[in-house]
Ligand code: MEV
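Heads up, the chain below is alone and in the form predicted on its own; it's given as structure tokens.
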Amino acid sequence: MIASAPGKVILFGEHAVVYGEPAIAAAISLRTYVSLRRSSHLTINGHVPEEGRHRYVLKALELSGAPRGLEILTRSSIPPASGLGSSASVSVATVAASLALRKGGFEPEEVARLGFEVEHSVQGRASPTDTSTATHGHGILVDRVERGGLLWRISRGDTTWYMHHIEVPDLTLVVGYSGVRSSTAEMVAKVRRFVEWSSFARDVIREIGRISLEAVKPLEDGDCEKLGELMLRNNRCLTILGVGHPALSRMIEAAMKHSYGAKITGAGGGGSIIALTDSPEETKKAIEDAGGKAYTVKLGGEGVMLH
């Protein structure tokens, strides 16, 4: 049984989503493939599994009720630790392949729920945004209230997330990876201290939420001029919250020579930026000249699927 799932980018709403504001994520054209074959014992890419190295795959097998004996092969075009959802992609693809092997198919909502549980279990805390995007594909509006186009709701403790479908046109993004690793937990804690101390920071969080909702229509319409303007507004807010980094700023400045807009994607403090462009080769070169590693991706596309 072979399943694949896409990576993702956060287009709008980083950090603000933690405080109940809406955010938008979209699938990208980079994917992870997971192949399961029944065997007398468990191997992953020809080796005995290692808990640290293969923890997402092992937890996905456990939660989806996979048989003990499996020969597992994985391959991915998503660079790890880049903010593009590599762990969510492998978690979702493994869950889907395991369910299909056991039951002959899968329901997307079940995959999204189990994928979230995998990430939550491994990371200690998680949002279902990445795993729902890897499951559904296209675009996702995540909010704490129900709106039109509801796909499913996922709850943990006192928090409920509502996942809504957004149709995303075939837009081109260039992702610039800084090579600087940062801790999502540390960035979230840094923003939380600012928000608890400052009413100004709380205003910035609400502004990010407004930008996310304002972006839905131009995203569905493919209005690149408006999207670029909103990306820059969102990035200014993220910079105010203190999650910028000189390497990210250099890549954004370089990308803007050939782009409608560019911004931090993900937790910040390192990681990646995204640039919306009609000139991907020029944008890639500009980002690489600024010290980053660049990837051209298409937005939207299918979610988890069997092959």
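The shown structure was predicted, so the numbers you read here are calculated from the model rather than taken from an experiment. Don't overthink the numbering: it's just position in the shown sequence, from 1. Between two forms, the rigid core is the largest collection of C-alphas that superpose within 1.5 Å.
Same protein, other form: the form predicted in complex with ligand MEV, not shown, and the subject of what follows.
Enquirer: Using a 4.5 Å cut on heavy atoms, which of A126, L171, L101, L213 is close to ligand MEV in the model of the complex?
Expert: Spelling it out, the residue with a heavy atom inside the cut-off is A126.
Enquirer: So which of V57, I252, L70, A267 reaches within 4.5 angstroms of ligand MEV in the model of the complex, heavy atom to heavy atom?
Expert: None of the others qualify; the residue that does is A267.
Enquirer: Since only the chain is shown here, I'm wondering whether V18 would be in contact with ligand MEV in the model of the complex (any heavy atom pair within 4.5 Å).
Expert: V18: contacts ligand MEV in the model of the complex.
Enquirer: Do V188 and ligand MEV come within 4.5 Å of each other in the model of the complex, heavy atoms counted?
Expert: Yes.
Enquirer: So, I10 and ligand MEV: in the model of the complex, are they within 4.5 Å at any heavy atom pair?
Expert: So I10 counts as contacting ligand MEV.
Enquirer: Using a 4.5 angstroms cut-off on non-hydrogen atoms, would T184 count as touching ligand MEV in the model of the complex?
Expert: Although ligand MEV is absent here, T184 would touch it in the model of the complex, with heavy atoms inside 4.5 Å.
Enquirer: Please name which of the stretches 146 to 154, 227 to 235, 126 to 134, 205 to 213 has residues with heavy atoms lying within 4.5 Å of ligand MEV in the model of the complex.
Expert: Flagged stretch: 126 to 134.
Enquirer: So that I can tell if V18 moves, could you say whether its C-alpha shifts by at least 2 Å between this form and the one not shown after the core superposition?
Expert: Shift at V18: 2 Å or more after core fit.
Enquirer: Using the rigid core as the reference frame, would you say L241 shifts its C-alpha by 2 Å or more between this form and the one not shown?
Expert: Yes, L241 moves 2 Å or more.
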